[in-house]
Ligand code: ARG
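Here you get one chain, nothing else, as C-alpha cells; it is the form predicted on its own.
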Amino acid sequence: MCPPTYYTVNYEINPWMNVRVKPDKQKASAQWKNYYKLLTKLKFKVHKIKPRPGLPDMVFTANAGFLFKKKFIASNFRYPQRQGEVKYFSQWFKRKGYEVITLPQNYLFEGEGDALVIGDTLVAGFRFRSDIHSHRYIGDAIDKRVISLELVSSNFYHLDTCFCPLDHKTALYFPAAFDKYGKKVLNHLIPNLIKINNKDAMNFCCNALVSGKKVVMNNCTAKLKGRLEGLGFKVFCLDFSEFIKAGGSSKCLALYLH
C-alpha cells in the first residue's frame, strides 16, 4: 500500500476524475488509515511503499503491476501522468527479491487493474487502459491460460472495477461493462457468477479486496451484503468516497504480494 500523502486529482484520465472536484485531503487520509487499520486487525501483513511528489495516483498500488509467485510484471501505463510510478515500484520489488519483468514498450498493461486470476485462468481486460497484445505475453510468463475480455463502458475502464473473483468458482460482475461475448464467456467460465446492480456498480463494489472468506469493499446495498454473507463471506464495508473521485476503491489501494 502507498499512503495518500500526495493524492489529489490534478488531471482527468478516466470519467470519474474532475479537476474541479478535488478529494478532501483530510478525509482521504482518514479513509486510508481506517482501511490500513482494518487490514492489520484482520491479520494482513501490510507493506508500505514511499509516496512520491508529482505522482498522486501512486496510492492505487494495484495498478503497479501483476505478481505471480516471485515474479513482478511491471505495468506500462497508457497515460504519461502515471508512467513515472513504474521505476519506484520496480525498484521496491527488486529490493524484495522479486524477478522484475518488463513488457515491450508498445504493450500497454495496467497490472491487477486489468488482470485477475480465478482458478487456473487469468482473466484480462482490454480497451481503455490495457491492450490485448499484453495478455498473451503475461500468460506465457506465468504459464496460465488467458481469457481476454473487452470492456465497453468507460466508467468501468479497468477490469477490477466491474469483475471481482471471490473464490475459484464464484465472482461478482457488472454485466453492462461487458459486450455480449464477454458476458457469455464469464457465464461459461464461472459456475457462480453474481450480477450486481447499477447502484453497487457505481459504488465500486466490484473493486473489493478479497482474501479467503474476507471481503473489504465500499459501502454496498443490504441486498449484496446479504447475498455474500449467505455464501459464507464476511463483508467489511468502509467509506472510500474520496478515492472514488479518482476512479478507485479498496482493491485499487492494495496490491497482493506472494
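Note that this is a predicted model, so its numbers are computed, not measured. A residue's number is simply how far along the shown sequence it sits, counting from 1.
Below, we refer to the form predicted together with arginine, which is not included among the displayed structures.
- Remark: none of the three candidate residues (Pro4, Ala28 and Gln31) comes within 4.5 Å of arginine in the model of the complex, counting heavy atoms only.
- With a 4.5 Å cutoff on heavy atoms, Ser241 does not count as touching arginine in the model of the complex; it lies far away.
- Using a 4.5 Å cutoff between non-hydrogen atoms, Gly125 does not count as a contact of arginine in the model of the complex.
- Within this chain, Phe60 lines the site of arginine in the model of the complex, having a heavy atom no more than 4.5 Å away.
- For the chain shown alone, Pro23 is not a contact residue for arginine in the model of the complex, no non-hydrogen atom being within 4.5 angstroms.
- With the partner omitted here, the stretch from 174 to 182, 130 to 138, 159 to 167, 86 to 94 that lies within 4.5 Å of arginine by heavy atoms in the model of the complex is 159 to 167.
- Contacts between stretch 1 to 38 and arginine, counted in the model of the complex as any heavy atom lying within 4.5 Å, involve Ile13, Asn14, Met17, listed in sequence order.
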